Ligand code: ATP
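Take a look at this single chain, the form predicted on its own, given in structure tokens.
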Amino acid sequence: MPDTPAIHVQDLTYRYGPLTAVDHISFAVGQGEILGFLGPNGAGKTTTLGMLTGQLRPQEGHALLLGMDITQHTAQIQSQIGVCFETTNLYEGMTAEENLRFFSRLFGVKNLDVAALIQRVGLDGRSRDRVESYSKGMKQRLMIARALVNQPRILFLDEPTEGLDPVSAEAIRRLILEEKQRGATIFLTTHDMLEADRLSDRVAFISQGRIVALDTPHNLKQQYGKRVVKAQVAGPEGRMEAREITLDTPETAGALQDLFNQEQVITIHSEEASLEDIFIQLTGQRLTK
């Protein structure tokens, strides 16, 4: 990871009246890293995103993007980032091509290959249709295409696959990984722990405006989770019964031996704690809506 992080946040704070939405959070995101920013609705994810993208001014602390303070170099930073919000804000009376050309002019991007960008997000064949005729998944893919117009060094994605069909969601996940491969840093806000686990190099858990954990998914599972073996065995009168054995303890080997010696095992598999299990353990809250 390069020495200078793409995003460096120190004591970032924002309040809405008496409510502290973001409470002195600090973290860094390396260049080319995907950080999953996980929390339920109201945890402070969107407010953090607003401060990092220059839409909200931090009331305390600071945020450096690409080595520059977002409050002092807002326009310069915004020219080098891409943002895709959960709420669609496209010009629906325009076609996909017109939307992308319009935003390319705003960014001062010349010679944008609109056709290639539209093909990349899977909208070729519909590029000259008005956006108002698009499905939610198509609109979301166009939103991401728009965020890529300026080949951003940092890409902010707010719940990019929320409510999408599996095909559209998978297309967006593929785009995210392609952008990482290109070298972009990606800040992914989500409440979907499976998506974060699949895509993120590291994840941050935010709850009630505070970061309660920040590490790789693997390390969090090793530190806070437990691995178990779950089995289905034949019980009395042919009924199926469940058995569970915790792995990685001195008693594990003996318990597994007893299971096979004393029970008729029908199915067996290992299972590790999910990010949601760990989030609940740390905060008492669920990630899902």
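Keep in mind that this is a model prediction, so the values were computed, not measured. Numbering starts at 1 and runs along the sequence shown.
Beyond what is shown, the protein has a form predicted in complex with the named molecule; the following relates to that form.
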(message) Just to be sure I understand the contacts: of 254, 42, 67, 61, which is the one whose heavy atoms reach within 4.5 angstroms of the named molecule in the predicted complex?
(response) 42
(request) Flag residue 21 as yes or no: does it have a non-hydrogen atom within 4.5 angstroms of any non-hydrogen atom of the named molecule in the predicted complex? (result) yes
(request) Evaluate residue 31 for contact with the named molecule in the predicted complex, applying a 4.5 angstroms cut-off between non-hydrogen atoms, and reply yes or no. (result) no
(message) Is residue 53 near the named molecule? Define near as a heavy atom within 4.5 Å, in the predicted complex.
(response) no
(message) Would you classify residue 159 as touching the named molecule in the predicted complex, given a 4.5 Å non-hydrogen atom cut-off?
(response) yes
(request) Look at the stretches 216 to 224, 43 to 51, 239 to 247, 257 to 265 and give the one with heavy atoms within 4.5 Å of the named molecule in the predicted complex. (result) 43 to 51
(request) Could you run down 111 to 149 and flag each residue that has a heavy atom within 4.5 Å of the named molecule in the predicted complex? (result) none
